[in-house]
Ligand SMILES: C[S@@+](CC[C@H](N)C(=O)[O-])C[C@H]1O[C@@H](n2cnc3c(N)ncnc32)[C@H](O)[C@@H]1O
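Below you will find one chain, with nothing else, as structure tokens; this is the form predicted on its own, and questions on how it binds or moves follow later.
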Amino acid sequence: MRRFLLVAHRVPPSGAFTLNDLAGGAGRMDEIARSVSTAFTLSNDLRRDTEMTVVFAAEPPPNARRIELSGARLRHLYPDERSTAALLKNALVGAARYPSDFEASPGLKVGPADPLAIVAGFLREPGAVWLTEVGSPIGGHPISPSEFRGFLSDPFEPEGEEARLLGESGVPRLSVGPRSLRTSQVIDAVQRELDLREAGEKDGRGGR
């Protein structure tokens, strides 16, 4: 299973934002929506081998939220950012009525979050990597397509305790190229790299 952890630093965890201003007042929800869509959508299907957790960390616990998406069961996800943003917004708004986790739609679970605890736990998972601009080329790293664990930040760099956790974790820092890319573009590049490695394993060539 391929897994991504994405931290959204400025999107209101309550879902109190308008779909007409995703890039501004919504704290760059436009890029979060694009990242979710890119992680899962194919030409005529969804990636069933992918899971993603988005942590909405603009407020501390108990107001922080997380959304977990599972490609094996996911429905109602489309390539455009507005409908994806609406799907996530509705889940966040609905979370205000429930004190614990609940499934807002098939394959999409929402609930309270402790952002630092989630990040720390993810970084301890076998095979976890930090996808960042300043890192070793991903093409030369021995990652498995079926056991990939990738941490990403939204357009805003990790700060404070989150940055400390990442810096002290010892996980490999990997880059997809020499240019500064959006988070969604990084996910696209990573999925392509994993697809190529998986295809190589199936025809006996092995990964790079």
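Small disclaimer: the values here were computed from a predicted structure and weren't measured. Numbers follow the displayed sequence, beginning with 1.
Missing here is the form predicted together with the ligand; even so, the following discussion is about that form.
None of the heavy atoms of Thr50 is located within 4.5 Å of the ligand in the predicted complex. Within 4.5 Å of any heavy atom of the ligand in the predicted complex lies no heavy atom of His141.
Taking the partner from the other structure, the ligand in the predicted complex has a heavy atom within 4.5 Å of a heavy atom of Thr183. Among heavy atoms of Pro172, none comes within 4.5 Å of the ligand in the predicted complex. Heavy atoms within 4.5 Å of the ligand in the predicted complex are found in one stretch of 36-44, 50-58, 148-156, 66-74, which is 148-156. Distance criterion of 4.5 Å from any heavy atom to the ligand in the predicted complex singles out Leu131 from the list Ala85, Leu131, Val119, Ala91.
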